[in-house]
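In structure tokens, the next block holds one chain alone, the form predicted on its own.
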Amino acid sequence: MNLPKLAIAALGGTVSMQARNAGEGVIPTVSGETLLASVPELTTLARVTVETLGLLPSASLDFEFLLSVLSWAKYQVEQGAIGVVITQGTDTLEETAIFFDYLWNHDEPLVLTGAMRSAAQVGADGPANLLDACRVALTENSRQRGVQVVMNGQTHPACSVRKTDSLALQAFTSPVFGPTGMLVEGTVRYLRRPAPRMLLPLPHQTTQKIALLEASLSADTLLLENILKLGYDGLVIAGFGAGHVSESWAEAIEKIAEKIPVIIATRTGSGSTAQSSYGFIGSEMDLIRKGASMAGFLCPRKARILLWMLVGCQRQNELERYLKEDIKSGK
């Protein structure tokens, strides 16, 4: 039987964690090869190659490392893999997904998964999530969908998926838009067609710095006033409500926006920023007049990654076009 080729990379995270001694916290120790051995059914579905590219908690991943993982994934497709699966920690899974999605220019699916329970816990969800992710990667209808996150029997697009619970098995959701599909009796059932995506070339530089600050009640402006002096190349604000800040923050943002790109997103966790509803000082209309851009449905963390990409490609002047396209495509 001529089985399709599937490539799996392990980066670490909870899915790979066990405690070395009783009473100690779990740490990444389980290789991709060991994880693969816990899902023997995979050998009946595909010719699987697996590599352990790292054993890191996902909070310690960085853009340079992710670019090397992306290069590995693209090479696997060039060598005949019809899909690629990456396992990693869930803390930054939503950010890694959008990072890859902006740069994944293949029709073949790139699927990310992880676990909410460590490999040592009773009822560990890592093997089931890995099997589901591989099924998604091997499904013909997964082509041209870019990067997807598969967790707890659901598929989510990179553009909208978020971790919305710290410990629960159902930690991942796509606010407003919902999952793109689900696994039913081992079969991938998609709920809607692939959405158009905006791709970017690989960044020419990787040293750019993008700050992310959250607006909060009665917050001072000390950090804002020093953003330019600190050498940041862009700024994202997780604003109140539909994209609002205080009067003092609005004044500081106006000065910053004269020098570097500024994006205003919403800190609420769901919904879009506004464009033309509120007119007070610090509202979205005021901030737009002051030179800031509104993120739409793009959450603050993903807006930061988009801006990092654009600055790295010297395309920051195209920011508005990318943000508007994100809104149209459900990003």
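Quick note: we count residues from 1 along the sequence shown, nothing fancier. Nothing here was measured: the structure is a model prediction, and the numbers come from that model.
Separately, the form predicted together with a small molecule exists; it is not shown, and the next lines address it.
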Considering the small molecule in the predicted bound form, which of 17, 10, 307, 323 comes within 4.5 Å of it through any heavy atom?
17
Name the residue from 283, 52, 58, 272 that puts a heavy atom within 4.5 Å of the small molecule in the predicted bound form.
58
I'd like to check something about residue 91: if you look in the predicted bound form, is any of its heavy atoms closer than or equal to 4.5 Å to a heavy atom of the small molecule?
yes
Flag residue 97 as yes or no: does it have a non-hydrogen atom within 4.5 angstroms of any non-hydrogen atom of the small molecule in the predicted bound form?
no
Test of understanding: in the predicted bound form, would residue 238 fall inside 4.5 Å of the small molecule by heavy atoms?
no
Is the gap between residue 136 and the small molecule in the predicted bound form 4.5 Å or less for some heavy atom pair?
no
Just to confirm the contact call: exactly one of 82-90, 230-238, 126-134, 154-162 touches the small molecule in the predicted bound form at a 4.5 Å heavy atom cutoff, so which is it?
82-90
